[in-house]
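What follows is one chain in structure tokens, specifically the form predicted on its own.
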């Protein structure tokens, strides 16, 4: 079958580690099944894998890709939950299993004609969602869903700041928050991305680091080091930062004086459970919310898709079709 694999690591030129071509079909173990992939979406996780982060050299070559929608062995249209873990370890939440992994870390991922996954990792795809739309949801949108509706102690009418408009999770946060009745603010260095955030439903947009007209109830943080100081300053007393990534660096000054004096909360958030993915699919189906797709291209053009993501030329998701 055709697949896109990480064949080697290169921190400076990750694209050089990509290989496209024939790969053995998956042989699912007991309790697993195969899905014929119709669409798969690209994440920064795939780029980090090519740089050697989260993927060990002894597992190469590894088929990349976390997200997919397709057809199972019984002909059902399904969405793949990317977290491989034991839900019994932590009361039904696979993300709290210390030995969890994502597809493409220990097990081959979704950038292939077929992918093998545990049977419980399949969620029925609502008929209202296309394969391309559904394939955008299991990582970026699921991460945003948990950040907003589980990890942040806020509700409709609250003001939420999203740092770094344009990224997959940031875009998802704006769309989901708007649909749920939050007042969504967003920042970006790019005037074009700020304009796009307004089109998506952000109430206000600001240059990165700009002084805000008032303090916010919660900050959604995926950028990390470059925006951390601004995120702390943006919060009202008692507010919450929800952190699900640190693409600009993981070790900013903590500014602990501000944290304890203003009684701020810093909450980590990683992906979401299989049950939360099912709720997200229902949410999108019921509200009419649809993921933003920057471009759709055949999997055979994966190099172009990776290049666009690395160069920061995308707003929304890059989707590969088969």
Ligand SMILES: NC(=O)c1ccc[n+]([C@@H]2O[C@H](COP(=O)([O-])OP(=O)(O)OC[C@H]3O[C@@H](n4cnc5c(N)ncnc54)[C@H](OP(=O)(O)O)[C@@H]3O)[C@@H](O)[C@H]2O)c1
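Model, not experiment: these values are computed from the prediction. Residue numbers count along the first chain shown, from 1.
Just so you know, the form predicted in complex with this ligand exists too; it's not on screen, but the next bit is about it.
Given the stretches 109-117, 122-130, 86-94, 245-253, which is the single one in contact with this ligand in the predicted complex, using a heavy atom cutoff of 4.5 Å?
In short, 245-253.
Looking in the predicted complex, is this ligand within 4.5 angstroms of a heavy atom from every one of 48, 169 and 309?
Yes, because 48, 169 and 309 each have a heavy atom that approaches this ligand to within 4.5 Å in the predicted complex.
So in the predicted complex, does residue 159 come within 4.5 Å of this ligand, heavy atom to heavy atom?
Answer no; every heavy atom of residue 159 is more than 4.5 Å from this ligand in the predicted complex.
Taking heavy atoms only, is residue 104 within 4.5 angstroms of this ligand in the predicted complex?
Residue 104 lies outside the contact set for this ligand.
In the predicted complex, does residue 295 have a heavy atom within 4.5 Å of this ligand?
Contact check for residue 295: no, nothing within 4.5 Å of this ligand in the predicted complex.
Does residue 240 reach this ligand in the predicted complex, with heavy atoms at most 4.5 Å apart?
Output for residue 240 is no: heavy atoms all beyond 4.5 Å of this ligand.
I need to confirm a contact call. Of 265, 285, 36, 270, which residue comes within 4.5 Å of this ligand in the predicted complex, counting heavy atoms only?
Flagged contact: 270.
Of 183, 151, 233, 193, which residue is found within 4.5 angstroms of this ligand in the predicted complex when only non-hydrogen atoms are counted?
Flagged contact: 193.
Residue by residue through 188-206, tell me which have a non-hydrogen atom within 4.5 angstroms of this ligand in the predicted complex.
Sequence-ordered list: 188, 189, 193.
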